[in-house]
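The chain below stands alone, shown as structure tokens; this is the form predicted on its own.
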């Protein structure tokens, strides 16, 4: 177990180094960083002075290692738009994104797991067919369209919920439901396929042969063993959601890192863009590591060497 954790941590470090390099490279591939960061009306002398001040006139790899050194020391740069250090600015927005991501994921699982289990137990019945059609629709409809329709119905027409922002506890309902509905379809289909595979196993047939009730067979024998692939996908989904739910945050003006990254791109605030990408990579990597370590808790048959 210890050697596996060390191996996964080493892989995570390599991945994060690669992300840091690509993030730094993209700024240079998009053009002269000095020209990109300076205002359009800046004079040539101002651009040259800024390029020298920021070190953009130095060799590429020298700039990269300086960039890497600043990251390791916790210095992710200075925001040109907000006139403050980037790291505190991004960390300030992270709780809003984390709250939205976790709420949406919990909402999706509360619906997806029962729907997937019922569809598997009632295979090839009208209930199964209707559930899978709805799941397919949930995956096919764009999230921003669902969000706009929910705003129109529950905010504009009924006046029950706020249209945007994060001012009251009710503000999270619409963005979380919108984000969660996009996950329900995929998770429900995954639960169904995993349950169908498990329900065909010999130990499930043996449990039924012993005269156990269907409820006990499904919940105590099949469901736990069907959760392993679900945990894998849920871990990936959580990592992606924590990285910034850009479209939903923009639709609902949710003050998370997704909204912050859009403001940074439109304002050419590249230090914030780099910080958001790096933070997203860290969160995604750590989430995947945590999911791997949960495997043995869910299925004792899996071991690490």
Partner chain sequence: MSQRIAGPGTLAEQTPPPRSAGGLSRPAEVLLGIITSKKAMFGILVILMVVICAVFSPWIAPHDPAAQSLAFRLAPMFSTAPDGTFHLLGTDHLGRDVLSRAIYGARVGLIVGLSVALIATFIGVTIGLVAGYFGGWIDAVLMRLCDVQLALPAILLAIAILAITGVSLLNIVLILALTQWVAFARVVRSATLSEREKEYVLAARALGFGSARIIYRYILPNVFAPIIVIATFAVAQAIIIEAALSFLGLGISGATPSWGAMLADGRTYLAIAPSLATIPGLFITLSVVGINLFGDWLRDFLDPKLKM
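Please read all numbers here as calculations on a predicted model, not as lab measurements. Residue numbers count along the first chain shown, from 1.
If you look for the form predicted together with its partner chain, you will not find it shown, but the lines that follow are about it.
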Since only the chain is shown here, I'm wondering whether residue 294 would be in contact with its partner chain in the predicted bound form (any heavy atom pair within 4.5 Å).
no
Tell me, yes or no, whether residue 9 is in contact with its partner chain in the predicted bound form, where a contact means a heavy atom of each within 4.5 Å.
no
Do residue 140 and its partner chain share at least one heavy atom pair within 4.5 Å in the predicted bound form?
yes
Any non-hydrogen atom of residue 251 within 4.5 angstroms of its partner chain in the predicted bound form
yes
Its partner chain: the contacting residue among 156, 91, 130, 110 in the predicted bound form [heavy atom, 4.5 Å]
156
Among 73-81, 96-104, 169-177, 145-153, the region lying within 4.5 Å of its partner chain in the predicted bound form by heavy atom distance
145-153
Triple contact flag 22, 265 and 280 to its partner chain in the predicted bound form, non-hydrogen atom at 4.5 angstroms:
yes
Using a 4.5 Å cut-off on heavy atoms, what residues in 179-194 are near its partner chain in the predicted bound form?
189, 190, 192, 193
